[in-house]
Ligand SMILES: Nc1nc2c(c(=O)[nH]1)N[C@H]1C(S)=C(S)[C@@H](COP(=O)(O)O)O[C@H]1N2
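We begin with a single chain expressed as structure tokens, specifically the form predicted on its own.
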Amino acid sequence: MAGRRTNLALLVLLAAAILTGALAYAIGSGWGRVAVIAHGVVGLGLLVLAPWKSAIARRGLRRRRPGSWASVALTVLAGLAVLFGILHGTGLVVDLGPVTAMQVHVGAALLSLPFAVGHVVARRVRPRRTDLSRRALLRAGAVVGGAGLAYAGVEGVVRVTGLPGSDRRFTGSYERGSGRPEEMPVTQWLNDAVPEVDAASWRLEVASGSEVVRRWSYEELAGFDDRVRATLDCTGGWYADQVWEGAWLSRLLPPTGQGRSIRVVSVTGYPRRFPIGDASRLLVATRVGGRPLDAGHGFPARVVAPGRRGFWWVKWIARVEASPVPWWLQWPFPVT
């Protein structure tokens, strides 16, 4: 099997790993379980093909082609992504000082992408009609089946031995500080930093388009007592179930007929856009577990978005806007 079919299979698996990984990273509802399982199977499929690919790699290194260092870098990064995915999934390694195994897994995968693109461009594998032959499909089925059995085997060992991975959420995240807000990790997206916000001068602007219709003070928002029990599931690999208190966003907005989406912006400039119909399910939280939010967790106010991953839970919010722009007209993941 060592040859072009191995390279083609690896190309397909790599594309599937990117797709399922993005879905697993994004989905916070029950469908996320399907994406996580598919991602695990695809990742182990790369390992199943490793012996055949290693034979191809040895031949390539003997030829000493220009740019072979990039192929080595791709191999190392892909190997790190698979390794730390397994370490996180089993719970053998979850935290690595300032970073998590999940962050290393995702970081290595993202860093491998330009090398993978370069590898495909430099060594194109052109599809042939025979790639869809019965024999080829049977071989592909054997690879997928072997990867599925490997995934089931790893999951079985994790549960039988009681490794920490047996307690992870369907998203793959581990519990951190449920019911104990002070023990929740403090994380934010990419280049955001924890700002110092003066509650006395802070105002939450509520706008319809470009027109500000009201500015809420911290004292006014803190007077609301709406509450919801919701799980904050961070893409860094942890989750916490808490009781959040504040005001339903629908209480603060102008009539919903004036927009197609709700754009929420942090004091740091971090934005997310929600469907207008979610207004009654989104909470502008000022408290968690009966206590005011601390700075790391979003003081003076943050969005609580049940069923969505952590990057939707905008912290330190400064502006809420009913917008005519559809909610889906944004990057699936924030770029900053």
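Because the structure is predicted, anything quoted here is derived from the model rather than measured. Residues carry their position along the shown sequence, with the first being 1.
The same protein has a further form, the form predicted in complex with this ligand, not shown here; the description that follows concerns it.
Contact here is defined as any heavy atom lying within 4.5 Å of this ligand in the model of the complex, and by that definition each of 234, 297 and 315 is a contact residue. Between the options 182, 205, 192, 226, the residue in contact with this ligand in the model of the complex by a heavy atom within 4.5 angstroms is 192.
In the model of the complex, at least one heavy atom of residue 310 sits within 4.5 Å of this ligand.
Interface residue remark: residue 186 is counted as part of the site for this ligand in the model of the complex, having a heavy atom within 4.5 Å. Among residues of the shown chain, residue 52 is not one whose heavy atoms approach this ligand to within 4.5 Å in the model of the complex. When this ligand is considered in the model of the complex, residue 261 lies well away from it, no heavy atom lying within 4.5 Å.
Shown alone, this chain has one stretch from 215-223, 133-141, 247-255, 234-242 that lies within 4.5 Å of this ligand in the model of the complex by heavy atoms: 234-242.
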